[in-house]
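Here you get one chain, nothing else, as structure tokens; it is the form predicted on its own.
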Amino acid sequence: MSKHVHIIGAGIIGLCSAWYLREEGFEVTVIDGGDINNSTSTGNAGMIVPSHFVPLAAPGVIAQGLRWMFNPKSPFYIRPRMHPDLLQWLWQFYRSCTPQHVQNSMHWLRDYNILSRDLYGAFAQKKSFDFCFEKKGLLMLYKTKQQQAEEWKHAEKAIKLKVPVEILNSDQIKQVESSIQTDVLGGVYYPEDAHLYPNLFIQQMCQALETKGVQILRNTQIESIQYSGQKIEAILDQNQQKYTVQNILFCTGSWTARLLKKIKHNVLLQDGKGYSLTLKNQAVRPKIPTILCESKVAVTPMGNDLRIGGTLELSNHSTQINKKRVQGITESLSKYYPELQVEVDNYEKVWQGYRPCTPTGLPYLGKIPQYNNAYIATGHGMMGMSLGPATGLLMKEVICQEKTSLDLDILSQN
């Protein structure tokens, strides 16, 4: 096999793939259309979540989504449009929302997240990395009996999967989360989850890769792809600069479907747009990462800062910030944490990013069937950061034709 790989996309998936391929001895060139510093990977909640073993496509999701559609501050929204790609995605999503799909996916997603968490732990031990990696667990806080029932059902599944879990009442929550006042009915605690500061990890990974000789081309947009028969031969950027290709890995997140159409390969992807705010040097904050369950808001301490994020909008890559939905995020905080009052005075400070969502809730990983030298790694939805290192390792194994650390046969349903 030729020992050069072009990786398109410098988010967490592309960078981790570059790391493991470079470790294997490959020459690696990473190409990204932006400057990397404000990518989808940098603004997420930074949670590493073995507790999140149920795919997005699950029973009840559609009914809940329809109820949220008519609330301007809800955590879910589909921008109305009659586009064939969206309609096909929605139809396949509907077909995937079955108990059997969830049952088939749970063990695999658990193992995927555990592998990635352990690989992050290995990175944290390296001298060139210091990205606030902590294994403090995850709290799922709820205020209503209805949400309690939902979280307890998930906890029962966790117990069967041997994922450590603790069910806590309101007094026990105050003992576990002693850094801030809480006003909740109770919660479920997953002590084996972890978190990190995504911005730091991305910055440090870029520095480490370039030190190892990986070329990272920023602000370089791939405009066309040349191919013949079963081989990708070259790619051209916006300046018509040509790069001859030996192997190519597409890791361009929610934009991957558009790019792959250039080589007549169709995948179903939608942009799960989300927002986050990072409060610098936040004195009043929880010490344990938390999901506010009814509001679907993530709250993560990161070093001295606090990140708050949420919403899932199928927006067709809209760049407009939906102020109502940002307000829905900030207004939810004081309902769970009475001391935490947050108002947005400048919406230009709000980060927005587009998570690549597949209709099954499982990613696209592996070789692109009709080409001998083309590969894909995308579709991790809201768990891209959590699954980054494991994905990088898997793609190295796929490209090197090694036995993979996880069985990828489950992805054949994608």
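For every residue, the number given is its place in the sequence shown, counted from 1. Everything numeric in this text was worked out from a predicted model, so none of it was measured.
Omitted here: the form predicted together with a small molecule. The next part is about that form.
Only one of 360-368, 59-67, 30-38, 341-349 places residue heavy atoms within 4.5 angstroms of the small molecule in the predicted complex, namely 30-38. With the partner removed from view, the residue among S116, T290, Q270, T252 that has a non-hydrogen atom within 4.5 Å of the small molecule in the predicted complex turns out to be T252. The closest non-hydrogen atom of N281 lies beyond 4.5 Å of the small molecule in the predicted complex. Mapping the unseen interface onto this chain, Y142 falls outside it, with no heavy atom inside 4.5 Å of the small molecule in the predicted complex.
The small molecule is not drawn, but in the predicted complex it has no heavy atom within 4.5 Å of G328. For the chain shown alone, N373 is not a contact residue for the small molecule in the predicted complex, no non-hydrogen atom being within 4.5 angstroms.
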